[in-house]
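Heads up, the chain below is alone and in the form predicted alone; it's given as structure tokens.
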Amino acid sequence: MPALLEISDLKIQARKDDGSAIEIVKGVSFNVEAGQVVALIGESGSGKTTISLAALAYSKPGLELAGGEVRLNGEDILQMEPLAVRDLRGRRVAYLAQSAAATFNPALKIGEQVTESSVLHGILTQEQADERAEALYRALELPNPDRMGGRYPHQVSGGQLQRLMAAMALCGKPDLLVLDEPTTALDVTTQIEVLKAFKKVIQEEGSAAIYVSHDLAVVAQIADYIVVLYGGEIMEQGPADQIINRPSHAYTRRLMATARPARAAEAKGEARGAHHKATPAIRVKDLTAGYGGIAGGEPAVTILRDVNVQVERGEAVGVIGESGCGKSTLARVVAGLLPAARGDVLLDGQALNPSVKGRRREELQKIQFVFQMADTALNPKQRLGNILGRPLAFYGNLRGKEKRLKVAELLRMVELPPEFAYRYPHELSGGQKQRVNLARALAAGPEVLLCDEVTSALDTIVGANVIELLKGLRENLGVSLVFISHDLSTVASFADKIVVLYAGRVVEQGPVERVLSPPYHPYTRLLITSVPEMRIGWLEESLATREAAAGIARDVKMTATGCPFYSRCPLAIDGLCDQETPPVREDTTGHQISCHHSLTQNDPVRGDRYAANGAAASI
């Protein structure tokens, strides 16, 4: 009996300006059986998405399907007529993109979009599609499934929107799902929920799936079979257990080595010492901030409450927490993009004007923001030389040859050739664009870099290269880094200090080695135990833990009284944690935990209840 999907000797190519062909995908062959999840893994540019799109008989603009066969239930879809291909997409094969936010139309209700394809293809009536959609909302464990279809996309969280994208794809009962990096930009606890939901629904629906990812730890939780790609060729393929536990190819072993970076403590003390000042580079003092009109010192919607953080000269501070915890809001307040309602931001000991409009040019120069998405941060109509030259002219008054030389120096600093000054952003890879994004911030000669999720959309190897670049810049230039991330493993690999935010409050902060070792706040423990391990069966084991049962499947809620983590905490004390603000407990190393439990050896935060699990072992 033939496989559900058979890809045989697939070739995809692009054309140069002179008409000659460049092979992008070079004779790839693999099968997908009914009910099976096949993962395509590899770094950016390996051909993962390009190959997966061939399952829809589609190629990106500028590419062409040049050879081979893609057989769905025995029929070569590459030979289909255009009308038959149109009918194939959404009916027999459904595609889940990486960005749910970009997939949904913000002006239409969720229910209309989830059911649209199945109704248009005549698979279901509108009434049947609505019933099917609600059943999928329940299967995907979405809140209030009977009312979910009446909401708009902006009224649900990122993790919920990602699951709704799965409901959209599954509504028409397709034979094959193509999932393209569906959990890459999610925080660790949301990622677990989405993975669990995807796995459950795929099994219950009996669907087959192609799962595109660069993260082996995530792939290990959902895949039955793995295909490892590099440069448009298959390096290795086989059952998930074989690839994860007994890889035979050097490239697969390299991917595994970079999947979860080890803590790199060397040389950081020297870096801080070489550029040390008595006054912190940045100090955030008693900060409260939010959105909407401010009445009586409180914003209409409070996001940050009574936050105290400081960043020493040459220090890397990681700010971690789930989506909605206030990480990016904190960076926006420090940069002056969002004025605080109360509290101060001090630069080298001097209070800054809350708004960027009121800050002097030299103050703007010292704090630079590196945005998450280089695609939207870089002007697509400007050459890189102009993009990097603008801050040089604005802050340094450089012109002509002097500016061109400095642009070349900046490109070399981020390990790009000077000739890139004549390129446009679309001519660069994702990792290269992120380097230019970083170079533009460095062009101002800053003292502090605010890095907002700068590696979340990059593959493992490219992300590791960006981290290495940041380490070098910190050591050579003495730049202080505020590194915002939901990826605890990445932060642990190079930060000096970690600040754990939850519901707009600092629940724990201190030296990285102290924060990642007991005692720690129950929320920090939830984050630590939610980092996927590169072994099959980890997801099921993790979901069975007490922390997961208590905390993973709940939204972040801002509270004015008590501990904000009370409703999710497995160690909550009724009548205390929900009523009184927890005290800040500090040890001699500067490690602070905001919790009603003490830091003693036998306390629940550290003691016997946690000791058996070895929570920090996976970091």
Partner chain sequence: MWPMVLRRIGIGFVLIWVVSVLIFLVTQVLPGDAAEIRLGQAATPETLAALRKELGLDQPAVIQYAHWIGDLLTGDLGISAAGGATIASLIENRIGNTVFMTAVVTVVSIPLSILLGLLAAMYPGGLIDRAVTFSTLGLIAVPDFLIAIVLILVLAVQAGLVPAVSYLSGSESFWKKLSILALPIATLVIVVSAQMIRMTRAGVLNVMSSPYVEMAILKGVPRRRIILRHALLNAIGPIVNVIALNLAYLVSGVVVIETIFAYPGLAKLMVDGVQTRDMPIVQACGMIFCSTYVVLILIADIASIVSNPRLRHPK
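Computed from a prediction, not measured in an experiment: that's the story for all the values here. Positions refer to the first chain, counted from 1.
One more form of this protein, predicted together with the partner chain, exists but is not displayed; see below.
- With the partner left out here, the partner chain still marks one of 278 to 286, 482 to 490, 106 to 114, 129 to 137 in the predicted bound form; by a 4.5 Å heavy atom cut-off that stretch is 106 to 114.
- This chain is drawn without the partner chain; in the predicted bound form, the residue among V317, M168, I222, L176 with a heavy atom within 4.5 Å of it is M168.
- Contact with the partner chain in the predicted bound form, judged by any heavy atom within 4.5 Å, is made by just one of R412, H154, K200, R147: H154.
- Looking at L53, you'd find a heavy atom of it within 4.5 angstroms of the partner chain in the predicted bound form.
- In the predicted bound form, F30 stays away from the partner chain, with no heavy atom inside 4.5 Å.
- In the predicted bound form, the partner chain stays beyond 4.5 Å of every heavy atom belonging to K401.
- Remark: R86 counts among the residues lining the partner chain in the predicted bound form, judged by a heavy atom distance of 4.5 Å or less.
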